[in-house]
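Read the single chain below, which is given as structure tokens and is the form predicted on its own.
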């Protein structure tokens, strides 16, 4: 299988700041890849390197086998940046037509509008659109050229829950039709809903690169919920890492080994009820993987 894009031992520095540090990454056809990390982890820098907007300080970046800075290499690439910039006096339909003129076989205006729910916006000037409407249009524009690879940097920023889910459905359809999609997001539920592969970054490095299930499984935490009139005795049991009580008196415990915890709980004589056990979520996995990484606050390193 020929990779669509690769980073081979890539480092990108901004003065004394190392935004991406010796990162190797391969993007193969046919996946939705979720790129996660705290602010300053290097996600946006990786996207800009793949777009040819930045060049690596060291290492090699390839897009469809060529240099991302070469326009020919980008002809099969679609992207949506974090910041939405649309000509305010053009109608949404005119913007779609304008962008489509840059491609040999663009998606017709009406077809793209139907796919992304833009039909009622086509005759409106983009300057009159809400932030969420502009964002939906920007994401749709990433697909107008029938790209093989699409890079979406925080694609649903500013959208409400219903609009996000509508956009997710459109992205899944585009993926089913053959597009490979890379998504960065602050919404962990978004990555859980979309991605088959997850790359977690921290302090400019790749901390994890695996299937969604395996990234979650790497954490190894189990969460136990139960009700007990003696929470202090529950907290004192062997293996309990954290214990939090909610407003209803339910306790949520994190333990590395749920079987070992239950073997300690049952003979302890501590009264309990309503016990459930589950694995970690992506959010818990994400926090566990990134908690040791060095935080960055510089805008360019995000």
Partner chain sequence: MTVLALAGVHAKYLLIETARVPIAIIGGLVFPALSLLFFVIPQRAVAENPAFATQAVLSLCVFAVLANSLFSFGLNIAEAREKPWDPYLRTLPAPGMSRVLGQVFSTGMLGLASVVPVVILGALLTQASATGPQVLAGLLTLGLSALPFMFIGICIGYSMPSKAAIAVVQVLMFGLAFGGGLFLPPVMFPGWLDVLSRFLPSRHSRELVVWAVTGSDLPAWAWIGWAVWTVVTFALALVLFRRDEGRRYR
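Numbering follows the first chain given and starts at 1. The shown structure was predicted, so the numbers you read here are calculated from the model rather than taken from an experiment.
The following text describes the form predicted in complex with the partner chain, which does not appear among the structures shown.
Student: Counting only non-hydrogen atoms, choose the one of 75-83, 169-177, 204-212, 224-232 that falls within 4.5 Å of the partner chain in the predicted complex.
Tutor: Checking each option against the 4.5 Å cut-off leaves 75-83.
Student: Please pick, from 165, 91, 146, 197, the one residue with any non-hydrogen atom lying within 4.5 angstroms of the partner chain in the predicted complex.
Tutor: For this set of options, the contacting one is 91.
Student: Taking the partner chain as it sits in the predicted complex, is residue 186 near enough to touch it, meaning that at least one heavy atom pair lies within 4.5 angstroms?
Tutor: Heavy-atom contact with the partner chain at 4.5 Å: absent for residue 186.
Student: Quick check on residue 262: any heavy atom within 4.5 Å of the partner chain in the predicted complex?
Tutor: No, residue 262 is distant from the partner.
Student: Is there a heavy atom of residue 128 no more than 4.5 Å from a heavy atom of the partner chain in the predicted complex?
Tutor: Residue 128: no, not in contact with the partner chain in the predicted complex.
Student: Just to confirm, residue 192 within 4.5 Å of the partner chain in the predicted complex by heavy atoms?
Tutor: Contact with the partner chain, no.
Student: Does any residue in 85-116 get within 4.5 Å of the partner chain in the predicted complex, counting heavy atoms only, and if so which ones?
Tutor: Residues within 4.5 Å: 85, 86, 87, 89, 90, 91, 94, 95, 97, 98, 99, 101, 102, 103.
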